[in-house]
Ligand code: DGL
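Next comes just one chain, in structure tokens: the form predicted on its own.
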Amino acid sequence: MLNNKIGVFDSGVGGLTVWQQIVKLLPNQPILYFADSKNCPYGSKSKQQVKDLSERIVRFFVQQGCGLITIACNTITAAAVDYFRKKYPQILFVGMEPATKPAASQTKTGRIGILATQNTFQGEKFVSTRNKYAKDIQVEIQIGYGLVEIVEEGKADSEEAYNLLKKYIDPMLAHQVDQIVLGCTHYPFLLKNLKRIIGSQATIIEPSLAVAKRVKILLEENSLVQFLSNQEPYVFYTSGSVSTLRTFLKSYSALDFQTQYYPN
């Protein structure tokens, strides 16, 4: 029988953008979050490295009794979600992929831009989704080299981040894209600078809410939604710096949370 505890993980703090949306939709659900910041970024690692690193976290969540695991990372989803679903058939898995479909359906110029990691673009899910929903759309893709590291370092609102983003986004705008997809969960932390660059020239699309809705649907279908008001503390684990993780949790200061190390 499935447990109603949710596990959410990412290569670092980026998955907190997904975690936040899940909390909004399921405020009483017990949730564990794991940030593998020690091994971040995953975007340029081999598929096997990504699988090996993420499997340790999945095993940990299974040991903690999580009945649903959310892979809040496009890179990990591309590399390993099918593998995990086969290996752990008793667990519900929710993954991510760039929001190519909604971008393609909403574009007026017939041109969309996607900012993501190298492994995300090489993943089968991105390729198949692009071929299915955007075959008649001009898709400008850009690997976000260095962006994950900037977010992990707490520099998302810095001029360094602005200059790097401008280098990536300006060519998209020059090609008249009117939809820009954020294909990495770290990138929504860069929204302040992204909006400075993009203004009203394009719509920014990121899929965290859609992922959270999918989590809720699966829990409802399996009668796992918790309605009790005596919410357990949200527990956060990191393989990296606790102080860095706490910095990102400041915006959630109203929540009763615990932060712990997961031993490597």
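Numbering starts at 1 and runs along the sequence shown. These figures come from a predicted structure and were not determined experimentally.
The same protein also exists as the form predicted together with D-glutamic acid (DGL); that form is not shown, yet it is the one meant from here on.
D-glutamic acid (DGL) is not drawn, but in the predicted complex it has no heavy atom within 4.5 Å of residue 34. For the chain shown alone, residue 112 is not a contact residue for D-glutamic acid (DGL) in the predicted complex, no non-hydrogen atom being within 4.5 angstroms.
D-glutamic acid (DGL) in the predicted complex is approached by residue 43, whose closest heavy atom lies within 4.5 angstroms of it.
Interface residue remark: residue 177 is not counted as part of the site for D-glutamic acid (DGL) in the predicted complex, having no heavy atom within 4.5 Å. Residues within 4.5 angstroms of D-glutamic acid (DGL) in the predicted complex, judged by any non-hydrogen atom, belong to 116-124 and to none of the other stretches in 116-124, 165-173, 102-110, 130-138. Shown without its partner, the chain has 10, 11 in segment 9-23 as residues with a non-hydrogen atom within 4.5 angstroms of D-glutamic acid (DGL) in the predicted complex.
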